[in-house]
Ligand code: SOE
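Okay, here we've got a single chain as structure tokens, the form predicted alone, with questions on binding and movement later.
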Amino acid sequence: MTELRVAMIGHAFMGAAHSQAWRTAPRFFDLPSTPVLRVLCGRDAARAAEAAERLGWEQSSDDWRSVIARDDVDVVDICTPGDSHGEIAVAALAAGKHVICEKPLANTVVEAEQMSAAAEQAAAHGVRAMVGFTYRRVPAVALARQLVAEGRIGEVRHVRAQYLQDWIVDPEVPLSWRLEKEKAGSGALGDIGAHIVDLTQHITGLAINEVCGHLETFIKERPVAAQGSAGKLGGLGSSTSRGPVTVDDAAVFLARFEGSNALGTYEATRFATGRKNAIRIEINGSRGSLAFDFEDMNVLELFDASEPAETAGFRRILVTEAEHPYVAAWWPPGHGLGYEHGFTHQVVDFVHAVSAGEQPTPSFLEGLAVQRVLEAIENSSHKRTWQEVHP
């Protein structure tokens, strides 16, 4: 068994989730290569060193360029804000390193196109790249995709998706990089809307090719975060100065799909008071329906329209059987999985693909496709009209 030596750039919320996944995957799954947590990189040397020790990395650094140049690094895992994804990913691929990059792939379509082109060039030399849409790896979501592909719900007619959070409902929540367009690219649209765009296209196998949307920013200014608190999700600011919020707080849009007459309705918001991380997807087809709610993430609901009316109804499938995607490596039936398991499954799929010399999914090209949908939604909001999603 070979080693796959990993460098991670960034170590906040996503960095912690990715670190656990790299540590856990080889302990539960039979992997062809063993991940080694070689080096963690952050902008502040002291904070990076503390995070490396806490999260299980052998070394730390405050210089990502020197990290990707190292001979003892095979994979670069990018967990930074979106404004640095492109530069780091392109450089890492050019250095011959496999890359996992957090979503959304980039802040703009142009950046995503550059990253996709770099990934295509690197693939010719056996170097692989993947974007981290981890909700694909929730077992219930993977089962939903499988059932749609098998024709269990027939022709898709309606796609309905919501991603609901409330962590910035309080107008005194301070500014952070997620609320600054230069760093984040967009707000709710890119941060959480990107997930439901990817999930619905992934589950249905249909590509969005036209959208009509609206973006709204409810709180125009927020307190400037106190030193050391800018990266936190929530928490009150201690500063009396305020700065502008330059991204959207909420996004709603309609969608049409290539090669289909299916209709899509989408909502992504950070202002759904009382909702912490609710991802709700329902797919209605000619022969049945599927429904998923991340707040009950081990369950998939299935309606079979062929059943007699007197007994027909949504059937609750507890997705914890060994026959279900990913589940056999974990616990006995009925012992549910959690948020962190999707990241572990991402590592498993990535390591298998890299070791087999295959393209992991979702690829940078798939990440680019999502970026084009996001751009079309933003353009639609500005122009107040339907917009095509350009291939």
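In this text, residue numbers run from 1 along the sequence as written. Being a predicted model, the structure only gives us computed values, none of them experimental.
There is also a form predicted in complex with the named molecule; it is not shown, and the following applies to it.
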The named molecule isn't shown here, but in the model of the complex which of 184, 173, 109, 192 has a heavy atom within 4.5 Å of it? 192
From the list 178, 202, 160, 256, which entry has a heavy atom within 4.5 Å of the named molecule in the model of the complex? 178
Determine whether any heavy atom of residue 103 comes within 4.5 Å of a heavy atom of the named molecule in the model of the complex, and answer yes or no. yes
4.5 Å heavy atom contact, residue 339 and the named molecule in the model of the complex: yes
Look up in the model of the complex whether residue 277 has a non-hydrogen atom within 4.5 angstroms of the named molecule, and give yes or no. yes
Would residue 167 sit within 4.5 Å of the named molecule in the model of the complex, counting heavy atoms only? yes
Looking at 203-211, 93-101, 184-192, 118-126, which stretch has residues with any non-hydrogen atom within 4.5 Å of the named molecule in the model of the complex? 184-192
Residue by residue through 128-152, which ones have a non-hydrogen atom no more than 4.5 angstroms from the named molecule in the model of the complex? 135
